[in-house]
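Here's a solo chain for you in structure tokens, the form predicted alone.
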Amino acid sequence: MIEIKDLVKDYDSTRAVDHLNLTIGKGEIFGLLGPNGAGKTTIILTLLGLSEPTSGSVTVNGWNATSEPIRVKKITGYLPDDVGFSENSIGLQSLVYTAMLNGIPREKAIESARELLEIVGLQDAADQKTKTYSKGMTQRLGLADVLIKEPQIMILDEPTIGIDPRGIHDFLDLIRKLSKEKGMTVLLSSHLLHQVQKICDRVGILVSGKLLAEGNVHDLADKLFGARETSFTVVADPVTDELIHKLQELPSVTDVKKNGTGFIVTGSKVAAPHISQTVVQSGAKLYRISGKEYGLDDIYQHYFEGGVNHV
């Protein structure tokens, strides 16, 4: 649905995007993750045909975003980090206005607007002026505004800034639900790791205009940390010195430390069954064994701390 080939964007002597290659499939939720200034918004503006690349190309549903921007805009909905509505606008009227601008007849526009206000939880605020809306309400109205033209692609640029934690949870759940129900492709730009991990099928890590890694969280973690030692938390009883000694002698184990009602074992990923077997054969009861799970935070820190040296 989205194909970016060798994209470069320079602003005078500053390179905002550096030879970016990326493909996003139909119905996929892709998270573009990076610190402020990494080039995320520049990529989005290029996708929307609002900024011309220095070199390279961007195609959306087969259309060139630079030479055919109107075609791209017709199938794409964009929600910026700070949605703007006229001070005297009313929620329902704003959606109807957007729908009619996109060629939807007035009666159909009103019907769709009411349906969307209910979907985003604003049905009771439909006739209120948008200046009375909270930040979370404004973002949800912005989401309805994006959806009313029934886009094939939804681009969200830092969409949860300023929303309270409960509002963020509901907002992200709504995006994932809508994407899966309607088969929409979603590009979510954010610097907030837990939000990206919550709803995205794949993520791309962008640092200094370079896409340093992309894939699903499990595959990225396995690629980065699969060969590394990991730690296992083991809960057993009794934990004797003899058991500790037997565990220390296992070839796949490098360290064992007592930890309350159990112990922490450091070793290779294949150590788990050997640890379990040793505990049981020693006569102790094994209540739990769990390995460290690497998440997006570990992956992001690996690349962000290393910067472009990890390319």
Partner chain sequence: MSDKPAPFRVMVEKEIADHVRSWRFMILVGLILLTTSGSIYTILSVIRENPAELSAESTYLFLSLFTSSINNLPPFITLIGFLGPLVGIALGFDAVNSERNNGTISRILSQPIPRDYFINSKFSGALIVVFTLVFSLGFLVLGLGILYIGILPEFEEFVRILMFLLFTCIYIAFWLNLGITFSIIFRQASTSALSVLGIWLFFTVFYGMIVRIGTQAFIPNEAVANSLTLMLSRVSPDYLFNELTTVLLTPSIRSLGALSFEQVSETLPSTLPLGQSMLLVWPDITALIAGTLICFGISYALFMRQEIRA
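Everything numeric in this text was worked out from a predicted model, so none of it was measured. Positions refer to the first chain, counted from 1.
Only in words, not in the display: the form predicted together with its partner chain, which the text now covers.
Visitor: Going by heavy atoms within 4.5 Å, which of 281 to 289, 47 to 55, 257 to 265, 23 to 31 lines up against its partner chain in the predicted complex?
Guide: Among the listed stretches, the partner-contacting one is 47 to 55.
Visitor: Using a 4.5 Å heavy atom cut-off, which residue among 134, 123, 240, 102 comes into contact with its partner chain in the predicted complex?
Guide: In short, 102.
Visitor: Given that its partner chain is left out here, which of 167, 151, 215, 80 has a heavy atom within 4.5 Å of it in the predicted complex?
Guide: By the 4.5 Å heavy-atom cutoff, the listed residue in contact is 80.
Visitor: Using a 4.5 angstroms cut-off on non-hydrogen atoms, would residue 87 count as touching its partner chain in the predicted complex?
Guide: The answer is yes: residue 87 has a heavy atom within 4.5 Å of its partner chain.
Visitor: Is the gap between residue 198 and its partner chain in the predicted complex 4.5 Å or less for some heavy atom pair?
Guide: No, residue 198 sits far enough from its partner chain in the predicted complex that none of its heavy atoms falls within 4.5 Å.
Visitor: Taking its partner chain as it sits in the predicted complex, is residue 176 near enough to touch it, meaning that at least one heavy atom pair lies within 4.5 angstroms?
Guide: Result no; residue 176 lies far from its partner chain in the predicted complex.
Visitor: Report yes if any heavy atom of residue 74 sits within 4.5 Å of a heavy atom of its partner chain in the predicted complex; otherwise report no.
Guide: Yes, residue 74 sits close enough to its partner chain in the predicted complex that at least one of its heavy atoms falls within 4.5 Å.
Visitor: Taking only heavy atoms into account, state which residues of 24 to 45 are within 4.5 Å of its partner chain in the predicted complex, ordered by sequence.
Guide: Counting only heavy atoms within 4.5 Å of its partner chain in the predicted complex, the contacting residues of 24 to 45 are 41, 42, 45.
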